[in-house]
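Quick setup: one chain, the form predicted on its own, written in structure tokens, and binding and motion questions come after.
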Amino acid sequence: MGLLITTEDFIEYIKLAAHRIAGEKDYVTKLDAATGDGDHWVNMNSGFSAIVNAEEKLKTMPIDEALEVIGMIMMNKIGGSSGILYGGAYLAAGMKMKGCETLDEKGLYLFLVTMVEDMMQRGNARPGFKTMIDALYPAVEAYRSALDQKKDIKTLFSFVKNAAKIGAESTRNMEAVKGRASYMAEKGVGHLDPGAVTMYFQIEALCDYFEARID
């Protein structure tokens, strides 16, 4: 059985990600306090909570329109550079999938690859900079590889989730190129990047939710 993702499905994934982020307040805040301003959790939780609050409105839309509205919510509610990056990425994904009312496994890949490409361009970042890209980029590459190898959907999601986890963990040994951590003497080495960690939470939620829908 293939994957069919409606807007309602996508919002259920968002709710799962929002719940995970909400439950990690102390952990994420501690990570960010070590290398950043300590407000990453507050910003991310605010953005995802606002999306959940717009659930009923979003569910009435085709998925391309819903992605654009989510992008605007993120840009307005997350704030700072993360808001611009997430908001811009969702807006770009919505525009890329103009006319799509649902997504299949290739459509979900297009969503993720559009996100990472937009974030990299908008943020002038690439893998190894100790950012959210270090979780998202390997996840997208794992997705691409699984599609190329014609892996079954459950295996595909397992690969994607594992790649994001390893990517987030790899930031511990990276030197920060951007953000407050890049100005520290040790450039954040020894600490996980909170943006990569919350990105992993989202990818994990996405994979867990859609994997569970496959018979």
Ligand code: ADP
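Model, not experiment: these values are computed from the prediction. All residue numbers refer to positions in the sequence shown, first residue = 1.
From this point on, the text means the form predicted in complex with the ligand, which you will not see here.
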property	result
Among the candidates Leu85, Ile73, Ala142, Ala92, the residue which, in the predicted bound form, approaches the ligand to within 4.5 Å (heavy atoms)	Leu85
Sole residue of Met97, Ile133, Leu112, Leu103 within 4.5 Å of the ligand in the predicted bound form, by heavy atom	Ile133
Distance check, Gly179 to the ligand in the predicted bound form, heavy atom within 4.5 Å	yes
Partner contact for Glu65 in the predicted bound form: the ligand, 4.5 angstroms, heavy atom	no
In the predicted bound form, Asp39 touching the ligand (heavy atom, 4.5 Å)	yes
Any non-hydrogen atom of Gly80 within 4.5 angstroms of the ligand in the predicted bound form	yes
The ligand in the predicted bound form: contacting segment from 158 to 166, 57 to 65, 40 to 48, 145 to 153, heavy atom within 4.5 Å	40 to 48
Complete contact of Ala18, Glu204 and Cys207 with the ligand in the predicted bound form (any heavy atom, 4.5 Å)	no
Contacts with the ligand in the predicted bound form - residues in 86 to 123 whose heavy atoms fall within 4.5 Å	Gly123
